[in-house]
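In structure tokens, one chain follows: the form predicted on its own.
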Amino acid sequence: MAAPMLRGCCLGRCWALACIDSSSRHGRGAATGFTSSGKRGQSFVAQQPLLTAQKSRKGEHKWAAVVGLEIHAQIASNSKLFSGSQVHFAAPPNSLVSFFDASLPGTLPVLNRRCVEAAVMTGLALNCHINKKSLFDRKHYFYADLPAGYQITQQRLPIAVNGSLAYSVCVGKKWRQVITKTVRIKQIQLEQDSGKSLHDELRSQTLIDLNRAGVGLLEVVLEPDMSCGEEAATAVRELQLILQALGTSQANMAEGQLRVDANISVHHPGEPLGVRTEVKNLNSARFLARAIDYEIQRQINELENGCEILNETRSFDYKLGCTVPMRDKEGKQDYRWLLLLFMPEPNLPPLLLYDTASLPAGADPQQVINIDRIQEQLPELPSETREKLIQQYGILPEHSFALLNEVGLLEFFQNVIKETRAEPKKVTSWVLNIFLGFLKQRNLAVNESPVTPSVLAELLNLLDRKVISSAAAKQVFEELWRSKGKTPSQIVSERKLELMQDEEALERVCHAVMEGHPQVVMDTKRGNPRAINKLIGLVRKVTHNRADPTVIKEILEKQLSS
């Protein structure tokens, strides 16, 4: 590598997975308004879907929406991209600022090796071509949170290009038909983050926190191959999972570690693309979907009312649920359209990477990055994990997505599987329906649950051995949330929830219930399927849910036929 020096920065990998439901509200194919070459000469050309206005009118034309994304992911590194300052969320303002971050005269950038490796690993995972030579540029604009007056980025020749990201959507409300779609990745580039502006409305002033200035970012540019908010949100969720699996970014949107800008336009099929708008700084997948869908409908309404779409930057007001103008992209105040915006970074030579074949003899491993070695170190990606879950445990595809939905849920599920004799499908049902339901109700993370994998495994073992009924198991589970420290066996014993093992006593209970409800017995004998279920419910009520419904049904059928 021809950089002055590579700073080493070690950081343990983050293996958390957090994919959420990838359903598409519109149930349509991925849209594309552009045709360009994909990875290694391949071309991804998707069909253009149609989007109509909410109210149909006579003579109304169909509309096609085109959505592209620019995603900024904060690199998981202990220090910044070009300085040794630490990276720590919620640190006191301006406590993590080096001389270089503050742009003091005479300071020079020193490239962080960890950030380069993260960019290469991310590019490989996203099927990108890794450029063995990439360049750094200065992107000039003047704002208080950018002390140097420019941002170091990679505009001309980025580190990775021509990749693809596959994501899954479902048809309909349930995950019975899962469709895989692909969005092209134009490029991945390294760049600095800016500082943070804190606006004090009471004092009518703006304060600047430079802790974030110089933090390493991966900018992932997705081609306009999407057509609605849910498709875009699903693609971002899948990218978030991949980054977390790689450990290249924690991608926590709540902490600003993953921010999205959406470029949106609409046009009639077969006609030139419409004027696009950009909705900036979306830090939630839900808000991303809402902002895009609102902007699509807004543009359709504007055009149908005879108005023009302005090439402008907008923001999303989540309280009002709408986008609002920020600045006119054609105006002089927009820095990105100045002719002298970009220039080569004079203080950083070209970034050179190598593969095994081109590695110089006797090269210092600390100063050279080997693409092939990073390729060998790639961990299992979310798509591979989901496929393995389906093959290994026989679970449904929608369940494999749900298990990766919450951070730590997959690990919890696998630990329960290791310690229980219950069938994987039974474990899946309990983890996704009951355990996850309790977490959602109480707004808890998986690692905050009072019920551990071992405890849930013990409960499922009791259920599997028919020591307790399903209804009793749910009562025990509720008690486990309230009584931390107690085991399922203790709760079963204290509350006397064991299934009745005395079959003769159960036969007497069934006989008594039948004698007390002659009309229900008559309905059962006449072939009413609901009547037998009512008798089962009455017996369970008498036994306080301590009788197995299957055994009850067998006894009732035997007595009814005699």
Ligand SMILES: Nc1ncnc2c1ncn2[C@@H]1O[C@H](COP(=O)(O)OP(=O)(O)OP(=O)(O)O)[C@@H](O)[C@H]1O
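Since the structure is predicted, the reported quantities are computational estimates derived from the model, not experimental observations. Residue numbers run from 1 along the displayed sequence.
A second form of this protein, the form predicted in complex with this ligand, is not displayed here; the remarks below concern that form.
Engineer: Of these, 507 to 515, 489 to 497, 63 to 71, 523 to 531, which stretch puts a heavy atom within 4.5 angstroms of this ligand in the model of the complex?
Structural biologist: It is the stretch 63 to 71.
Engineer: With the cut-off set at 4.5 Å between non-hydrogen atoms, does residue 221 touch this ligand in the model of the complex?
Structural biologist: Within the cut-off, so yes.
Engineer: My question is simply whether residue 140 lines the interface with this ligand in the model of the complex - judged by any non-hydrogen atom within 4.5 Å.
Structural biologist: It does not: once this ligand is placed as it appears in the model of the complex, residue 140 has no heavy atom within 4.5 Å of it.
Engineer: Is residue 109 close enough to this ligand in the model of the complex to count, meaning some heavy atom within 4.5 Å?
Structural biologist: Residue-level check for residue 109: no, no contact with this ligand.
Engineer: Wondering, does residue 276 line up within 4.5 Å of this ligand in the model of the complex on heavy atoms?
Structural biologist: Answer yes; at least one heavy atom of residue 276 falls within 4.5 Å of this ligand in the model of the complex.
Engineer: Could you tell me which one of 314, 399, 113, 186 places a heavy atom within 4.5 Å of this ligand in the model of the complex?
Structural biologist: None of the others qualify; the residue that does is 186.
Engineer: Quick one: of 132, 268, 280, 298, which gets a non-hydrogen atom within 4.5 angstroms of this ligand in the model of the complex?
Structural biologist: For this set of options, the contacting one is 280.
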